[in-house]
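What follows is a single chain, given as structure tokens, in the form predicted on its own.
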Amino acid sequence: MIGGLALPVGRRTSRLRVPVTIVVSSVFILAVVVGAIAGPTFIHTSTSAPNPLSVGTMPSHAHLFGTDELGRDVFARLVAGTTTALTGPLIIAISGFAVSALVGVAAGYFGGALDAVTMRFVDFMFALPALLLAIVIVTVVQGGYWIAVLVLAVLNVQGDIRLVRGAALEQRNLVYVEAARVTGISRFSIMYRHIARNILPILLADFATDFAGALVALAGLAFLGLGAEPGTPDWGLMLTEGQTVLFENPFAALAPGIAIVLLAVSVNLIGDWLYERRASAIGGR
């Protein structure tokens, strides 16, 4: 009897095993979230006041990552920048998730004229150079960070809609959908309680991709002098400002650059892992 029970327990243990990369990624994302929420309570150094007597100094006990071109503490600004690093990309990713779930599932399920109109709109949006258009719009309207977030949120949804529409199109002719129709379940319930639930792994992976892409895009706009206002503790802006003291204190540019890469990679790794876990769970039913 004990031997007969050993195999299922071993299988259950292997299924619950979390890769080290996912643990490390989760810890880093948690640290960023804590920095965004509680950063001002434990960072007592000013993130904006210049210090001409401490310009471009190397890391020390007083300044963990040294100082930038104005003598400001790089670590304090890095922690303060977690707010913009999370908020904008999160808004863009959530908008893509919501719009793709609503529009993409409906277009894939109903087909016909709704699908044709939706896909022609998607094709038109795909023809636009999104990042170049964002640069032009933000420059023309002289907008700041939130204008950049709004523009990227609008220009981001077309890829999400196409991906979700394709998944819904594949699901609508499956047996469980036909059975739901026969039993009299409403179209809304079929679309958003059954089809959307079964394509949730795709939505989760797409959400993670959107977040990482938005993070890099916003950092790129800030690097070009667009988006975040000068002096704001924004990772992309810190990256371009740190170039002026690159040889005096390379951490002024390296720290925000590495933070951007680590956050984007961490979110993508967790998104892919959740996709695989959820897809295997659905496939195992």
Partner chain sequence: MKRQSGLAGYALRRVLLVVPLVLAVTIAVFLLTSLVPGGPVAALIGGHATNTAEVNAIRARYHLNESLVSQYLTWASQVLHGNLGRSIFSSETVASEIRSRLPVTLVLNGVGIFVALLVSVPLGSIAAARRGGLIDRVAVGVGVFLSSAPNFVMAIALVYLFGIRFNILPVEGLGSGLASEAQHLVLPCVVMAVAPLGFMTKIVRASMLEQLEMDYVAFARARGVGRWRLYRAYIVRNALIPIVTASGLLIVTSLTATVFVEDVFGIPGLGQLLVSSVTNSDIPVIQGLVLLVALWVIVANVAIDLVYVAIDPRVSFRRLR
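Values in this document were obtained by computation on a predicted structure and should not be read as measured data. Numbering follows the first chain given and starts at 1.
Just so you know, the form predicted together with its partner chain exists too; it's not on screen, but the next bit is about it.
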**Message:** Looking at 67-75, 125-133, 85-93, 98-106, which stretch has residues with any non-hydrogen atom within 4.5 Å of its partner chain in the predicted bound form?
**Reply:** 125-133
**Item:** Contact assignment for its partner chain in the predicted bound form, among Ala38, Ala62, Leu246, Leu30, heavy atom within 4.5 Å
**Value:** Leu246
**Item:** Distance check, Pro250 to its partner chain in the predicted bound form, heavy atom within 4.5 Å
**Value:** yes
**Message:** So, Val140 and its partner chain: in the predicted bound form, are they within 4.5 Å at any heavy atom pair?
**Reply:** yes
**Message:** Taking any heavy atom pair closer than or equal to 4.5 Å as contact, tell me whether Ala228 reaches its partner chain in the predicted bound form.
**Reply:** no
**Request:** With heavy atoms only and a cut-off of 4.5 Å, decide whether Val34 touches its partner chain in the predicted bound form.
**Result:** no
**Stretch 148-165: residues contacting its partner chain in the predicted bound form, 4.5 Å heavy atom cut-off** = none
